[in-house]
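The chain that follows stands alone, in the form predicted on its own, written as structure tokens.
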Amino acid sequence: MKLYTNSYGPGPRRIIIYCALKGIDDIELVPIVPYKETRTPEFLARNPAGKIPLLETDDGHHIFESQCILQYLEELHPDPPMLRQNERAMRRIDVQSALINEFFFYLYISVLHTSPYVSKGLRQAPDADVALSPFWRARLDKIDEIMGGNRFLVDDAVSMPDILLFAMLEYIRHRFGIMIPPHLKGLTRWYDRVLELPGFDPIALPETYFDEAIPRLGTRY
């Protein structure tokens, strides 16, 4: 199999972290530069959405969207389970995954209208942040509440939501300077805990990342 990816996007990093946790080492990583190489006719023939990650299976099928890729790999590598076997844990995984996706949706719309880094060619409406920031903050509060005293987001073993949230938080920390709110002590301890696991290393953006992205998206500060 081949995984068209990079080392810093939240979607690609989900797959890389998952493979490190599972010990999957038989997937060929094909580095791709977003926008520059994902808009070529050759890549669009594999993924019309023009995005990474993209998994090419051994029988020639192409799977895109990170959560779809993760579900496919989980079927191939069910041990140790990341989607859990008992009903209660599965429901908690569903709830936490939904909250994480909602958190990122509200946050992204918020920064889209406030950050100079995504200002080029966009008529920003700062009031959007006033309206939406309570929603993404409330999702983080709920994620922390559901985690409770568990070591990880669902229970005391790492599962899919841990991968989803960590990859997002690392990306927005470097791209937008947004951190875990200090009152969320549980999530702060969770973050320190997952850093000790295989693959959950802090993100390392290439030195040229902002130099290449700023002309396309806007100024950094």
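As the structure is a computational prediction, the values presented were derived from the model and not from experiment. All residue numbers refer to positions in the sequence shown, first residue = 1.
In what follows, reference is made to the form predicted in complex with a small molecule, a form of this protein that is not presented.
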note = Partner-free chain; cross-checking the small molecule in the predicted bound form, the single residue of 194, 160, 52, 169 with a heavy atom within 4.5 Å is 52
key: Contact stretch among 22-30, 148-156, 174-182, 36-44 - heavy atom within 4.5 Å of the small molecule in the predicted bound form   = 36-44
query = Might residue 56 be said to contact the small molecule in the predicted bound form, defining contact as any heavy atom within 4.5 Å?
reply = no
ask   = Do residue 10 and the small molecule come within 4.5 Å of each other in the predicted bound form, heavy atoms counted?
value = yes
